[in-house]
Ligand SMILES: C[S@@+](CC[C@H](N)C(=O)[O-])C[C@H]1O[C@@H](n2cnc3c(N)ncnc32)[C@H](O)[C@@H]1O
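Just one chain follows, in the form predicted on its own, and it is written as structure tokens.
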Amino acid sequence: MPSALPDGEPVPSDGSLPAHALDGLGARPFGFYVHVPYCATRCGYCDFNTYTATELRSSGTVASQETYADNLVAEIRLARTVLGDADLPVRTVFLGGGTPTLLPARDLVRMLAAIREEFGLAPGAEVTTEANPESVDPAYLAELREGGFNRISFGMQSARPQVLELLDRHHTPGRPEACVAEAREAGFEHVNLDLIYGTPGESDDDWRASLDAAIGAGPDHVSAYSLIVEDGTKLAARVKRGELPMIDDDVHADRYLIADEALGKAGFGWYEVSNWATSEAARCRHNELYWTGADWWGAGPGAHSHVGGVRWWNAKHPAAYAQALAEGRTPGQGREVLPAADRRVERILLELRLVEGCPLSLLAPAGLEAAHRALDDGLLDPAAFEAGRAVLTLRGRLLADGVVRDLVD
């Protein structure tokens, strides 16, 4: 959940949506994202909307972890009011952060129960929480599983101590792998490990060791992201001062190729540029909901929502968020109605990153010409192109951002 919020038009105080946004509600997949903004410490590379206890000390109890579940339940009930009485079973729930598992397990279960009570869960609904390895134990995981969570995503990042130290990650090497075993023992059906590559000072061998450790732990999903040095972070300041080198694009490309080869040999297939799964059932269906333009309600400070072409975002700070709910107002801070042209561009941006690609019919004439050039350059799959879809090759995935820019023209 990025810390910066865009500009936009005001949200009505009751959170009501335009009538056109509610047309077809329930016919499109619907999910819930719940943002938990608390972290034990701030990682040097993180630009997300997160807060440590020290940073929130002046906000009093209104922004405390102890009362957070109450605020989330209030917004979930507001969502039911705003969306009316449409039959809207929730297909996916995702708790992200921050570190959701800094809260007691009973609070996470209570948030999920509120969603279930207000909307109902679709049969086979995917219910995920993110977790830091040091924030859970077997009893905690068992309570989550009993409460209805069936997927968990652990922030592993690296298996090398020096890389973890530079990233300000405080779990010990080996703990994420142990967490996978504990989650399986608790009955979790699906387990993801998040990895980061391209940390200054990381070698190819370091990266291979992290991949080997992640694969050996037995998850059915791995996400691997290149480290982005975000302005305003401690890491960016260290790079600017010359304390750390900036990793160039060629190194990132090499690390990506190493990851794709290792994961492919271990039975993982890519289904989004940065995500691999052992089967279609192991894919993150919540993220697929985002990537395919479905509807979702984002609850929590700074969370973004999208329903029927209307996108809105909540007040960023936990105190402002809680205050709005206490006063009976929506915490929504701004919104935008997406024109058809913008929605088409977003479809191309997102769907092109998927293994299924995007329909060539979405492309404007200039974009279609660019697609033919990308095909000739080996960036798009010929068989998929013949079938009317733009699907990235391995080389195309390395250059995905550039391909997208050309195709949206």
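Residue positions are given as counts along the sequence shown, with the first one as 1. Please read these numbers as outputs of a predicted model, since none were measured by experiment.
What follows is about the form predicted in complex with the ligand, which we do not show.
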Worksheet item: Heavy atoms within 4.5 Å of the ligand in the predicted complex: does Val180 have any?
Response: no
Practice prompt. Indicate whether Leu164 is a 4.5 Å heavy atom neighbour of the ligand in the predicted complex.
Written response: no
Worksheet item: Should Leu227 be classed as touching the ligand in the predicted complex when contacts are defined as heavy atoms within 4.5 Å?
Response: yes
Discussion item. In the predicted complex, is there a heavy atom of the ligand that lies within 4.5 Å of any heavy atom of Asp260, even though the partner is absent here?
Written reply: no
Worksheet entry | Options 332 to 340, 116 to 124, 314 to 322, 131 to 139; stretch whose heavy atom lies within 4.5 Å of the ligand in the predicted complex | 131 to 139
Practice prompt. Would you kindly say which of Ile76, Ile196, Ala282, Ala217 lies with a heavy atom within 4.5 Å of the ligand in the predicted complex?
Written response: Ile196
Response to the item:
Among His286, Arg169, His190, His306, just one has a heavy atom within 4.5 Å of the ligand in the predicted complex, namely Arg169
Worksheet item: Is every one of Trp270, Gly357 and Thr393 in contact with the ligand in the predicted complex, taking contact as a heavy atom within 4.5 Å?
Response: no
Practice prompt. Heavy atoms within 4.5 Å of the ligand in the predicted complex is the criterion; list the residues of 88 to 111 that meet it.
Written response: Gly97, Gly98, Thr99
